[in-house]
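Below you'll find only one chain, the form predicted on its own, shown as structure tokens.
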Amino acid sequence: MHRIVVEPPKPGVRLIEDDEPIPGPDELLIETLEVGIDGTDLEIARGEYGAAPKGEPFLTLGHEALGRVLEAPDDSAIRRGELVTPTVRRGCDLCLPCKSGQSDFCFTGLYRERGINGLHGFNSERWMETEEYLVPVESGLREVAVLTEPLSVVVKALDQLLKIQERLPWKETGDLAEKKSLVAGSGSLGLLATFLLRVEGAEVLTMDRQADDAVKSQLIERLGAHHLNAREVDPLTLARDFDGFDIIVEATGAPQIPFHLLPGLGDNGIMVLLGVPGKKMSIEVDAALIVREMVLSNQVVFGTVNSNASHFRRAHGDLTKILARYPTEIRQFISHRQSWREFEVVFGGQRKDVIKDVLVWAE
């Protein structure tokens, strides 16, 4: 059996042959169909972080996966032949969130993550998992189900945002319709946030550093959102035209961006931080101005990471809505599907016009 692996903290990705997995009595054997590649995978491949399972020399990459069940225990509700998407994080089994199935809110930091930290990922021909970490996929989502994991992170973020806005009891806050929204960044999370906000009826301005004729820029415009090239236009000028944004989704990972955008947040507005800056990045900010505006305008800034099985299930529902509204665009989001044997191309560096890379392991 083949795996795509790294040896943290050394940079570099390679293909190895390994023994076939032998499932335990409560485990399902899964055949890998597709694995999405994102910035986290590329950073691990560059040796920036990542950890192999304890006592093992390598880590199998990949945390955005779609698989097909080859074998299942007799008492499993998931049967042979079903499509599944696996969740990523495995809880510490010590804190209340992890014991409650919400390891995305782990208190101890002792969790592990498939393909990232302490557990093998899904870039192998076959892998094993217990039923609690698998979410069945309807066959109609086969083409786009590999996007479940990144979309689930956005689903969680917007769910938390709406819960926070329940603090405003005098206005309808239970949906995103007509909310003035700014999305910073057009990576996977930024673009999926644009998709989901548009499906829910929000006004969306998506900002990146792409030219207006770039592939991502054109995709954003086809969603009915507005594209902004931050190299050419001051986003705060547009914020004034919007009379302040109700929502800002920061998905660049550049530490200066949230602070530059905060003046564009409207009264009672919320900024969601999805990007993760590198550990060695530092900036200078006018803290007094930031705190003053947040206090006087009742603003909220919060960060969110990962997701749990409930968000995966809701992501499947949202993918169904996105497919119905933007069938061509969501298929174009997966811009490159390539055989797993061509993994070196995917991890080889910047390539033009790539929106989302997916490695295909089986049909």
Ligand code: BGC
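Numbers follow the displayed sequence, beginning with 1. The structure displayed is predicted, hence computed values, not measured ones.
Keep in mind that the form predicted together with the named molecule is missing from the display, and what follows is about it.
J.: Using a 4.5 Å heavy atom cut-off, indicate which stretch of 145-153, 132-140, 241-249, 70-78 touches the named molecule in the predicted bound form.
T.: Of the stretches listed, the one contacting the partner is 145-153.
J.: Can you work out whether the named molecule is within 4.5 angstroms of a heavy atom in all three of D38, Y49 and V88 in the predicted bound form?
T.: Yes, the whole trio is in contact, each within 4.5 Å by some heavy atom.
J.: Exactly one residue in E125, E293, E82, E113 has a non-hydrogen atom within 4.5 Å of the named molecule in the predicted bound form; which is it?
T.: In short, E113.
J.: So in the predicted bound form, does N306 come within 4.5 Å of the named molecule, heavy atom to heavy atom?
T.: Taking the distances in the predicted bound form, the answer for N306 is yes, it comes within 4.5 Å of the named molecule.
J.: Taking the named molecule in the predicted bound form, which residues of 55-85 have any heavy atom within 4.5 Å of it?
T.: Contacting residue: only H63.
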